[in-house]
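Here we start with a single chain on its own, the form predicted alone, put down as structure tokens.
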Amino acid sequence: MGMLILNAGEIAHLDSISTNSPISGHNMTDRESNVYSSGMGILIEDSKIKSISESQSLQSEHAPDWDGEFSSSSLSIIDAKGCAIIPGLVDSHTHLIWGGDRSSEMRLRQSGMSYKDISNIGGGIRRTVSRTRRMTLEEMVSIGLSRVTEASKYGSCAMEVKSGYGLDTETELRLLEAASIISRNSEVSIYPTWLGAHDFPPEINRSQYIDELLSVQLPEVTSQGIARWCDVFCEDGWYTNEETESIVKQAKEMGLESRLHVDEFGDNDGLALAAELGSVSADHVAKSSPESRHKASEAGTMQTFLPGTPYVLGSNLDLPLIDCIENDWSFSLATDYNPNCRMLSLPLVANICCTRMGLDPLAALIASTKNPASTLGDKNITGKIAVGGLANLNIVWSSDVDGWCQTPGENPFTQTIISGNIV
């Protein structure tokens, strides 16, 4: 069945750059080039956008007898009633599958303990690993599907999903298998990443685990054929730049490109390393230097900011988003959904950026759609609304596209459409 959306408010098509390249600099705030005025409509056929045109013209051609209620067996009609439409959101950094509960860590942080302090007493990642290792494949799939469904309610149509809470070969493979099953049973597009180098397990020493990563886990992961990228938590106290480089280079030889955790707590030249290694994305990047940001821009390595994490950790919300625009450096936003940051709403992440760091809502939208889509390597997921593209859309409560991120306590979307189907 086809679909016809009539009487739209503004439509954020984000097709000012016809390629799937990211949008950067002041082009991110250019409404004239990225937003259609109200009064347009969208025709969808076979899960793709067939036409974007003046609403009255589309109605005259495809539904001349429409009276506000009419639909046929071949065409369903949605009256947008002046509401804005934006592309489906792309969440390019999530830790979706894990078990357990770390609610007690807020009290520890409030007592003055750092993220590393909590890790050193058996909390943090290791606490989640202990519980996740005991989960069956069925439990992983069930909890992951529940979370993906919740994310889709907040407009996410594509999600990158990391392993990383196994820290042993068996559990890491099980996490990736669960991601694959979730992908086959969800309308949301899932993109798995192997994050065996998330921390070090307590049962073996550092050098032994790195040897396991390189000689056991990585070959098993590539043989399994599910993961699209490898990831490493490259941070002082976790994996060094040298260890990260070794893992990434061997992974690349075996067919896995990289996305990296870098410079979350301090500037360790992690972003510069990601650029040198050709990583598609370097994430967190809260403390990276301007020189590293320039290198990343030149190398085509996407900076992905995760503002939900400093928000829940009680850290300063001072990410250099405006500097990135002023310097024409591409960047993305993502949720970093994890046991500490249980945030599946990209609209909420964007709201934090707009209200606390002065980011333009349109720039926040581009950073949550077209820019992260450019890192996925999937020609079907473009993060824009264009003829011939997959019909991944969100209908906003407001007539203005800026309304997509201005309801932090409410869902801003009246309807989400994935591949031409209403979720």
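Residues carry their position along the shown sequence, with the first being 1. Remember, predicted model here, so these are calculated numbers, not experimental data.
Another form, the form predicted in complex with a small molecule, is not on view; read the next lines as being about it.
With the partner left out here, the small molecule still marks one of 317-325, 266-274, 89-97, 346-354 in the model of the complex; by a 4.5 Å heavy atom cut-off that stretch is 89-97.
Within 4.5 Å of any heavy atom of the small molecule in the model of the complex lies no heavy atom of residue 172. Though the partner is left out of this view, residue 331 does not reach within 4.5 Å of the small molecule in the model of the complex, counting heavy atoms only.
The small molecule is not shown here, and in the model of the complex it never comes within 4.5 Å of any heavy atom of residue 78. Contact check for residue 239: no non-hydrogen atom falls within 4.5 Å of the small molecule in the model of the complex. Proximity to the small molecule in the model of the complex, defined as a heavy atom within 4.5 Å, holds among 221, 302, 125, 140 only for 125. 340 is the sole member of 292, 132, 340, 258 with a non-hydrogen atom within 4.5 Å of the small molecule in the model of the complex.
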